[in-house]
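A lone chain, given as structure tokens: the form predicted alone.
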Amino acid sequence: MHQINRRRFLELAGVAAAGAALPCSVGAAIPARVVVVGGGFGGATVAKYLCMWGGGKVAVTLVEPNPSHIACILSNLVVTGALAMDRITLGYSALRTRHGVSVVQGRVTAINYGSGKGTVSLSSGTSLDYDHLVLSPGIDFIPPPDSSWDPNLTPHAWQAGPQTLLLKKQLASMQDRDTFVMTVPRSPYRCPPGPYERACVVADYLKRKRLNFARVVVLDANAGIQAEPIAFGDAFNFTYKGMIDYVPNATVASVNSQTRSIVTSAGTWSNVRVLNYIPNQRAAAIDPTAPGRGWPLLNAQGFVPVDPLAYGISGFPNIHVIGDACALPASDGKAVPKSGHMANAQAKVCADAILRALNGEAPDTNVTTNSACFSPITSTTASWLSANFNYGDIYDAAGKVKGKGMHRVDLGEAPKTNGDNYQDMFTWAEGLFADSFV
């Protein structure tokens, strides 16, 4: 991975946020109905850009059970009290008033998966007809084996909102010699750097509170740090030496929320002050009572395989899946990450492909998506990482072409952790928030 400077990183990170690098088609011949399910970064962005690029010829309805979206981005700073919850709470009013998106608060109860037009049934008893359907429901959790896990006692805080505030309250209760134990789920999971970032800001909080011998234990189900290994390796080994215990290959066997205890292949931790259990993840269910949890197709890891040019499901060309729920073909060892920034980029590719389809055109093949993120390391410093993904040949572990998909081109990790990165983190986040929701 070669290094780039901060100014160049911000320029590259802005590609996905601005959408300027993506072509679009605005000449839909007849009015079309697009229903979008899920109002996170993927769903909000695709709804906005379909309206912006559709030239008034696309009627877009966004279905979301919550009145606003609470971003996971920056949510670890809410846990430590560095930010208020309203800084990461994003509403839908601009989508309605500025872009003409019809926003319906409700839950999907059933989907008619047809190869042509279909319907979406809602909890209100009404239904919506669609010509194209975009699903961006996010993640669900896979419960741990042999456990009595109760997230109201041992929170995950991996879906921002009440869980974030619960973990904040528990962190604030820590005293001298207390232990904060957290898990890193098996890859793939939402926001690869997020757990390591949380470990750092929690350790920083304990350090600033001057809690003697308080420590953080990171139980990683993976063999090593999954993102920003330089920054987090330095943080664990130097900045927080003696405060953070990093334990790889820690597969969870059981969780007991009543006693705040966890058993893993790497050891057992019992009666800790805070147990932040972040479970393994899969695509959120569309209909939990239906076979396949409402999905026509899932891979072995529980995510939805899609093509990278239109984000369509095989056999259903007018149904698209974007964001954390989808799985894209990629070169071995270079999977497309699940993140808010990536969902934003995927949404624009998907919107463009839908508009081209409405014009009778094939999807564009000159597709590039970008994933960027900042990670706070202390209360005043941060790191960053960015990578581009280009559509084309993808490769197996031996370097042989195995098909078409998204091939990662690494752009770099921050050469050092510093205060400039910390300030730029807010510029990046606010730009992404605005591009998706404003």
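What you see is a predicted model; the values in this text were computed from it and never measured. Numbering starts at 1 and runs along the sequence shown.
There is also a form predicted in complex with a small molecule; it is not shown, and the following applies to it.
- Checking Gly412, Gly55, Pro65, Gly392 against the small molecule in the predicted complex, a heavy atom within 4.5 Å turns up for just one residue: Pro65.
- Shown without its partner, this chain lists Trp158, Tyr311, Tyr277, Phe232 as candidates; in the predicted complex, only Trp158 has a non-hydrogen atom within 4.5 angstroms of the small molecule.
- Contact annotation: the small molecule lies within 4.5 Å of heavy atoms from the stretch 341 to 349 in the predicted complex, the single such stretch among 253 to 261, 296 to 304, 210 to 218, 341 to 349.
- In the predicted complex, the small molecule lies farther than 4.5 Å from every heavy atom of Val60.
- Interface membership of Ile73, defined by any non-hydrogen atom within 4.5 Å of the small molecule in the predicted complex, is confirmed.
- At a distance threshold of 4.5 angstroms between non-hydrogen atoms, Pro363 is out of contact with the small molecule in the predicted complex.
- In the predicted complex, the small molecule sits within 4.5 Å of a heavy atom of Val37.
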